[in-house]
Every structure is written in structure tokens, then in C-alpha cells.
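Next up is one chain by itself, shown in C-alpha cells, the form predicted on its own.
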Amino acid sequence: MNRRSTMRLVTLTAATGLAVAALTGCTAGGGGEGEAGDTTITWWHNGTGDPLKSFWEEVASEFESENPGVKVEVEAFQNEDLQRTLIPNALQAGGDAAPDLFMVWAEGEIKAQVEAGYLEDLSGLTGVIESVGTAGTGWNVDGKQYGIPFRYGIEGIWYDADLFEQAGVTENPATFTEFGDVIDKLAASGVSPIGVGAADGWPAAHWWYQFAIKTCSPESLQTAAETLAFDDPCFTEAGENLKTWMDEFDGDLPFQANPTSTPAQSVPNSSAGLLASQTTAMELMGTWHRGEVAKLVPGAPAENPPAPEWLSWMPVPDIEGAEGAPGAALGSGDAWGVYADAPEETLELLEYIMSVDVQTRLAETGEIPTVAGAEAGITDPVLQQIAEATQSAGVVVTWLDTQYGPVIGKAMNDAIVNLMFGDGTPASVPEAMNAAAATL
């Protein structure tokens, strides 16, 4: 029995021409139900800007047209609000407060949701699971699939090619030593080299993540993920390497002034807005960032703003002599999960969203899809570059706060911001992580 499913009248026409009426379904839960005979599915996502917002609305309308009696209420929310507040609160409230189809994050976060009983087991969608292949690994808990990733890619450095040219930067750096030379040239040209939205915590923390996956061996990272013990000296060494790199530069460099007062996205004074206005030259972010920058470019149209021609991308450089796998990259994707008490039609909607046709069209909006065959929709050279870099990365490590779960993730992120912009020490980060793990 599923909530929001009302009594539905199904007319079956027999070969003799006699009509046989059958009642199927069950009585509905509370809010969200439409007229008698309707099923309402609520769908939450973070595509607040076009073309993605309009695309998901179009997909919902297509599904409604093919499934009379089903209403899809699709809503977009800012990513921080959705991930950190709206979804956790709605799932905890349960019942009609919870969305039916919504975004779920991999590893520790989805494991916590599964343990709380919030998610439907999607293992029966074998065709969809096979179509995304190994990209779905992070959403598998105890051998069962609870999330289906619809986009996947690695994090990199988005940069302003015009500002690079003006500063005399002709080649992308392969190592952090070369990266330091790029930062010096940009600073000398009068531009702030790197923007970071440290007010939101995680954008700054991702710099430590990068140093961790490039300082620690793959074996050390795997052990930490399995045991949630962070005693390996490489985690302290990662902080030491990060601070050594930051201390090479004068003043506030390599980041903009007042990073802890700067949010990550959505508003002009965010780190995305600083890059969009060409106030800063670079920002470390995931594949979604192109759309965030596009809508914040001064004078950009309100609908379907194009990414500026100067916006380019490169992988994060390696650290010379470190034990991390060469070309190690940080990344993951976004996936769909289904609420444990959602209408059964939600699974049909999910299957439609993950069809080759919809995924190919998703690629055309500027996303990197997961379904085999849908990569044909990627026509943008920058996104093709990211897709190729994802395939060729020595190892792809899931976002660490996602991998270790929300409790450890928050403690880790807070400690990293304090290390980078406060009075924290390299050892204080793994200490905070171990302390948080002890509370689980």
C-alpha cells in the first residue's frame, strides 16, 4: 500500500467487447492527492536554473501524458538548502511531508538514510542498474541498490581563459609547483587567483580533500572509508601539504579576501559570482558549476543563459612525490532515490528519467549522463573534456564528507575551514574526524 494512491478505476475490455471494471490501489495518505482516481508524485531536485529546471519540468509533463491519472509535482531547490536542510527534515517528518522522488548522495549519506528506513530498495530495476554500470557503486548498501545516479563526473578547476592569457599563462599546470607559478602570474596581473565559498564550509574543505587523495595511498583511503578511523599519518600530512602550499603566497593569496564571508553559489557575491564577474580567475568545483557561473554573469539573460566563452576547465594538479595515485580525482554524481512509502508509479517515473532518450537529452543541457549510449548527447567540448578526464583518472574518490557520512563530514569540514582560515593545525582535522566517529 502506497501513500497518495487513491482508488483508481481501470477499465479492461475483453475480447467479447464486454467491459469489466476493476478497482485497484489503496486509500490515500494526506496532502498531495488530486482528483479521485489520481496519483500524485512529488519530485525534488536542485536544478534551480535553466535549462535544467525547464528540462525536468518537460520530462514530468511527458510522463504525465503517457500515464493518465498520474500527476507529477516537480520542485527545484537551491542545493545547500535541499541537501542539508529540506530533505533531511522532510524524511524525518515522514508521511506526506517527504518527497517521493528526490536526490540522494552516495556512500555514508545514503547508508544513513537506508538505516533510518527512508529509502525504497531499487534492486528490482535491473535494466536501469545495468545501464549505469560502476557509476552506481556508491549508492549500493549491503548489496542492494538504493540510488540511481543520473550524472557523474570529477571535480576540477574552472578558470577564466581570458585572464590566463592576460597574465601570460600559456599551459595548464600538471603539478602543484607549476600551479604556484600560475597563481603568481595571475596575482601579478592584478587579479585574485582563486575564489572559494568558505562560508558554506564544504567548498573550502574540498581543497583539503584534494590534498588528502593525492597525499594518501589508495589503500589508506580505502581503509579509512571502511573503518572510519583516521589515524594514518597521511591525513595529518595532507593538512601539512595544504598549509605549506597556502603559505607560499603573500597576504590573502591564493584565495580572495574574506573567504569565510563568501557563500558558494546562487548570488552575485558568492564565489561563483566572483568567477562570473571575472573578479577571480579560478574556482575548484564539480561538473555542475558551469551552469552556476552562467546564470551569474553580469547581464546574463534570465532564461537559458549560455556559459561565457572564456570559462574553461582543467583537472587538479598532482603533488610531486606524494603517495596518492597519479591522476587521482575527487568526484561522484547525483542520484535519484525513492521514498520508502512512495506510490508505485514513482518507480516507473524513475525508469523513464533514466531511459537512454531522456539521458541523451539531459546531456544536451550540459550534464554528463550515466546511462550507456547517452554520451552521444554531449556536444560541448568542455564537458567532453571532463567526461574523458573522468574515464582516464587513476582513481576516482567519492566526496569525503559524503563518503564518511554527515556526522563525520560536518566535523571534518569545520576543522578544515579552521585549519585554512583560523587557528587550526594539520593534526586537528583527523582528530575532529576521529572524535565524530566515536559518537556513531
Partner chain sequence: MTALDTAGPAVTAGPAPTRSTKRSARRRARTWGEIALLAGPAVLVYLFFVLLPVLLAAYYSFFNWNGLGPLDQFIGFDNYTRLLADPVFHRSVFNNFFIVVMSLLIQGPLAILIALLMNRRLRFRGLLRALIFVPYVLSEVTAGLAWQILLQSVPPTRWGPVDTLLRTLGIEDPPSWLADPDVVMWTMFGILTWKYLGLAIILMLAGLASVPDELHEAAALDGAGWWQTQWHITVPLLGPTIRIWAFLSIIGALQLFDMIWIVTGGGPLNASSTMAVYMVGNGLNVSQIGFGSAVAVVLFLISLIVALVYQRFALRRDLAGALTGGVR
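We call the rigid core whatever largest set of C-alpha positions still superposes within 1.5 Å between the two forms. No experiment lies behind these values; they were computed from the predicted model shown. Numbering follows the first chain given and starts at 1.
One more form of this protein should be noted, the form predicted together with the partner chain, which is absent from this view; the next part is about it.
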In the predicted complex, which of the listed residues (Pro263, Pro308, Pro315, Gly366) lies with a heavy atom within 4.5 Å of the partner chain?
Pro263
The one option of Gly133, Gly124, Gly168, Pro268 with any heavy atom within 4.5 Å of the partner chain in the predicted complex is Pro268
Using a 4.5 angstroms cut-off on non-hydrogen atoms, would Thr279 count as touching the partner chain in the predicted complex?
yes
Is Leu274 a contact residue for the partner chain in the predicted complex, using a 4.5 Å heavy atom cut-off?
yes
Taking any heavy atom pair closer than or equal to 4.5 Å as contact, tell me whether Asn418 reaches the partner chain in the predicted complex.
yes
Do Gly201 and the partner chain come within 4.5 Å of each other in the predicted complex, heavy atoms counted?
no
Can you tell me which of 281-289, 328-336, 77-85, 173-181 lies within 4.5 Å of the partner chain in the predicted complex, counting heavy atoms only?
77-85
Full three-residue contact with the partner chain in the predicted complex, heavy atom 4.5 Å, for Ala257, Pro406 and Leu440
yes
Members of 99-126 lying within 4.5 angstroms of the partner chain, judged by heavy atom, in the predicted complex
Ala112, Gln113, Ala116, Tyr118
Please say whether, between this form and the one not shown, the C-alpha of Asp81 moves by 2 Å or more once the core is aligned.
yes
Is Gly299 one of the residues whose Cα moves 2 Å or more between this form and the one not shown, with the core superposed?
no
Comparing between this form and the one not shown on the rigid core: C-alpha of Ala116 shifted by 2 Å or more?
yes
